[in-house]
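The data below hold one chain only, encoded as structure tokens and taken in the form predicted alone.
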């Protein structure tokens, strides 16, 4: 399918049988027959055994597709891996509302990661810090000698910073090497450079380099996503006002902000896992960034534009890669990257941030109107029906009855199941 003719806007995708959904994605992403088979296959044990230690088997999570996404004028079908009901549907619906006003727009910094070298046992920390900065050029050259291929593609060590920190053990130095990692997540390249620099840093400072490792607070690798959510589609300006009132609590109260940001990460982690990236690193960086001003707060911001529409913005560190790591080993991760059609790590970061904003909007929208349980538990009804013993067509029948009664509970599902039997 020609890229210019691709559209992620799909009506009733969730109503299609799984086979039809797979056929749609296959045509959209120009998948081969072998790639199509991956949707119903498991990770083979030989590959799993190369990925981690002590392998016994594999653990599958649902892989779904979020539709309707338009990001920077380009359509995307977005693979999402998650076990929680309603997340994929909610993100798709949010993207549908954002699409009315043009979809999502994004911007992304260069892929700069920070490597830390902790220097302890220093007699004169000020003199030692200055000595490091006096030899900045030589240190950067030594770092870049560790990865000439990265440098060839425009990446490599770009800068060096020095911090002096007080601690219970006395003053210490933390030197930061700033590395452009291009399309990698960057951990291996940065860690290698830190370890290579350690002997020279010790010689310059007269101290001992203890930790030599990348930081997951990637605050020099920031992605921003923005969308305008149509007020009429939301239900009018009163609904927009209710939404903003709900958002404000997350901006001032850490107890609400934690749950608010969890909604953002529902969307983000789903894409991160699907593409074989490190969701723990992304989570750590996101929550640290949310606390950067001294109090944990919302990662997103909402306000009204001059027309009364809701504007949502998300700013977050995003250390993702499209080369190396599990994303190049796991067959389904490779498949998901092909469905996205991504060419750079920055493009992936922009997609991930857009999904995070979409999911956050959907959650707060539900909370501001019908409440989270109506949508969430309606989708959960099928799981309750299965837990009650239903299979086949009975699952849908019992779930519909539970939804109709507004009583989505296991004991009621068992009663219905027994009545039908």
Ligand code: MEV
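Numbering follows the first chain given and starts at 1. Computed from a prediction, not measured in an experiment: that's the story for all the values here.
Below, we refer to the form predicted in complex with (R)-mevalonate (MEV), which is not included among the displayed structures.
Stretch-level contact analysis of 222-230, 143-151, 187-195, 257-265 against (R)-mevalonate (MEV) in the predicted bound form, using heavy atoms and a 4.5 Å limit, identifies 257-265. Though the partner is left out of this view, residue 124 does not reach within 4.5 Å of (R)-mevalonate (MEV) in the predicted bound form, counting heavy atoms only. Looking at residue 367, you'd find a heavy atom of it within 4.5 angstroms of (R)-mevalonate (MEV) in the predicted bound form. Taking the partner from the other structure, (R)-mevalonate (MEV) in the predicted bound form has no heavy atom within 4.5 Å of any heavy atom of residue 385.
Within this chain, residue 363 lines the site of (R)-mevalonate (MEV) in the predicted bound form, having a heavy atom no more than 4.5 Å away. A heavy atom within 4.5 Å of (R)-mevalonate (MEV) in the predicted bound form is found for exactly one of 305, 107, 84, 110: 84.
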